[in-house]
Structure formats: C-alpha cells, structure tokens
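Here you get one chain, nothing else, as structure tokens; it is the form predicted on its own.
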C-alpha cells in the first residue's frame, strides 16, 4: 500500500486511517489492539511460486495411481477420481458430487484463479475483472476439503491393512504435499496487496 486506507476495525468497528506498515510489521487498532493488517515479506512472489508448485502436484495427483491393493496375487490400482466414480455407481450421487467438488474441482479452480491473479501482477499488469476473480477465490478457499479426504483415506488404509497389502502410489504423496502447499500459499498471500491493484486499476 502506498497511501493511507480508510478501514473499520473488525473487532470494535472503529473507523480509522490505516498507514502501510513496514515489511514484516503489522498495524493495530488504537482502541482494542486488534491486528488490522500484517505486512508479509515478498508475499506475491512466494504465493506465486507455491501456486505453480501446487499446480504441478495437482496434475501428478490426478495422473498417477493413488493406492494399489494386493490381495491373493491380484493387484488393484485406484486413482483420485476412483472414489468419486465408486460412490456414483453405488447410488450415492450427492456424496460423489460433494467429494468431486471439494477435493478436485475447488483445488483446481483455486490454483487457476491464483495464477490468473498473480502472473499478470508479477509482469506489471492488472488482470481483467480482478476484483470479482479475487473475491471468488477468497469465497472458494473454505470449500477446499482435501485434508478431510486424506484423513478418510488414512482411516480406510488402517482398516484394510490386515486384509491386503497396500502400496502408496505417487499420487498419494503428491496429494499430501499439495495440502501443505495450498495451506502455505494461503498463509503467504497478503490480500491487501492484491486489493491495492484493484484500487488503482485503470
């Protein structure tokens, strides 16, 4: 931020002028002490790098086998999309749609929107419809529930371990890393820097 911004405290609702804090610093409400804005060092570059890494991990997680089950000499491989199709064929269409949306569609759209916003900014440009796209990105983020899906996979693996030999696939490791990469990207991003681009967009 290059200029003062008028902002209301999210805790006590005090309306005040917010001065841009130094890199790594934070601005606090003078009345209640709540953090109004925390300036993150090299935020956009770190978020862009993590988003690109996340895109690669996402493609690996969907392209390679997720788990392999060996039972009585027969090997069965599963992929990330297999769980969705199995739920659908069992008649649980609603649950299949929910798993598809929260573990595949949302992360994919989240990564695409993040790159759509950050790459032009990195190149010194302002992407079209930036305000709407970034607002959609922020609204979608809570719907990503990859960690819940992973927890369910781990519980299933523990239960099946006594019945079959389970071999983790490359996609499982990529999916696990993707969870941490997306969390790191969300933590690294300073939304104020993006909204400043909206504010001064032509």
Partner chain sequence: MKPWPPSAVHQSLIGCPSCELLCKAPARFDGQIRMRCPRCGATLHTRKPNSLARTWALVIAAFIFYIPANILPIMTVTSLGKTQSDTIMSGVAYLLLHGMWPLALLIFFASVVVPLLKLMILIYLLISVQLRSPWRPRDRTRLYRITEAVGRWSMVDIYVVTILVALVHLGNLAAIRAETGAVFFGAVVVITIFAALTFDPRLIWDSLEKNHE
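Numbering follows the first chain given and starts at 1. From a predicted model like this one, the values you see are computed outputs, not experimental measurements.
The following text describes the form predicted in complex with the partner chain, which does not appear among the structures shown.
- For residue 123, no non-hydrogen atom is located within 4.5 Å of the partner chain in the predicted bound form, even though that partner is not displayed.
- Taking the partner from the other structure, the partner chain in the predicted bound form has no heavy atom within 4.5 Å of any heavy atom of residue 187.
- Under a 4.5 angstroms non-hydrogen atom cutoff, the partner chain in the predicted bound form lacks residue 181 among its neighbouring residues.
- Looking at residue 99, you'd find a heavy atom of it within 4.5 angstroms of the partner chain in the predicted bound form.
- Residues of 133-149 that come within 4.5 Å of the partner chain in the predicted bound form, judged by any heavy atom, are 135, 138, 139, 141, 142, 143, 144, 145, 147, 148, 149 in sequence order.
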